[in-house]
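Take a look at this single chain, the form predicted alone, given in structure tokens.
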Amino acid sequence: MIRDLVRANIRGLTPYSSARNEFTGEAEVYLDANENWQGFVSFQEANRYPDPQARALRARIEAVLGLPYENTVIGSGSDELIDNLIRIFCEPRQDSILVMNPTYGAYRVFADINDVKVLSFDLTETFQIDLAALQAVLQQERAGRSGNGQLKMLFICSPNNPTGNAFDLATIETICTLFDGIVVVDEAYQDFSAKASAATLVAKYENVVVLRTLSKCWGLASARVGIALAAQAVVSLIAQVKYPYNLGGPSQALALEVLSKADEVKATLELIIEERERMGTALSALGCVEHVYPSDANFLLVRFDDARAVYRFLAERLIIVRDRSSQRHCQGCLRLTVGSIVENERLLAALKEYENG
């Protein structure tokens, strides 16, 4: 089934293979990659290429996050993995992807870069998945399919960015039964949610890919560590298409370090969730705030009486938030990350100053 969805040139691809891919174990002398034997910076082995398969990191991910080693591949952020998936499965100028408005904008950007069409349908006004609308899009696409192109991929961001809400696992599984292409569930903010992860669906549905990241809860946004969890057939395809040494040694080392501090991360995660709830209550009490949407992430989507004026007022006070007013059902909304208590208090003080004119 997966093979039928793959682009013909990818099916026939002979991937780049380094000696580090072909050799298993730990060597004592590396004379395979034309590296400089000398190192000039403090990071050990900066003069050596990193493990292209990130084997130690994937083993640690399995131990800490419970994501099976054989079903994972590491990307330079989830963005690289999104781009790889589109390149693997979608024929340029023929195939299409499907997104749900409003959602993470990179899906459309990477589709545009790869010259792949983007279809879309709207979430409900409460940001839930409208299964009837989805079925209508799928039926229309199948009826108009010419044989030269098809809808290959559907993106579900859960918890969703910018709305913050996670979707029920039962709804995601229903979509897996409705759609015969690749279902990508982007769980960048899953750590902040009490809703069940779609990771359990990977063993059940060959066409499901779950994306995770160490950028959010794990505090490694600068290191760019993304994780794809999928059937081995899909993992193998991504491994063939990704850059040979796509995640640098410093990033792998930082990821291994933070994963060894799971207890500390969990403690700070609980603090972020508590602060999210406190901020939601405090923001709701402000006269300039019309609505605070429920969140399963580390941010809040907030509707203001004049979002653009609030945005400018905050920027003048060197507080940067995200204006999401242009997105579907998000008119008048700003997205506010849950920061430290000090940062959050500074935000609230500025909003009170705004109210008082």
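Start at 1 and count along the sequence shown; that's the residue number. Since we're looking at a predicted model, the values are computed, not measured.
Beyond what is shown, the protein has a form predicted together with a small molecule; the following relates to that form.
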property	result
Residues L269, R276 and R346 all lining the small molecule in the predicted bound form, heavy atom within 4.5 Å	no
Interface stretch in the predicted bound form with the small molecule - options 164 to 172, 114 to 122, 215 to 223, 91 to 99, non-hydrogen atom within 4.5 Å	215 to 223
Single option in L283, L247, I86, C157 placed near the small molecule in the predicted bound form, where near means a heavy atom within 4.5 Å	C157
Answer option from L151, V73, I182, A188, heavy atom within 4.5 Å of the small molecule in the predicted bound form	A188
F127 within 4.5 Å of the small molecule in the predicted bound form, heavy atoms	no
In the predicted bound form, S78 touching the small molecule (heavy atom, 4.5 Å)	yes
Residue contact check: Y107 to the small molecule in the predicted bound form, 4.5 Å heavy atom	yes
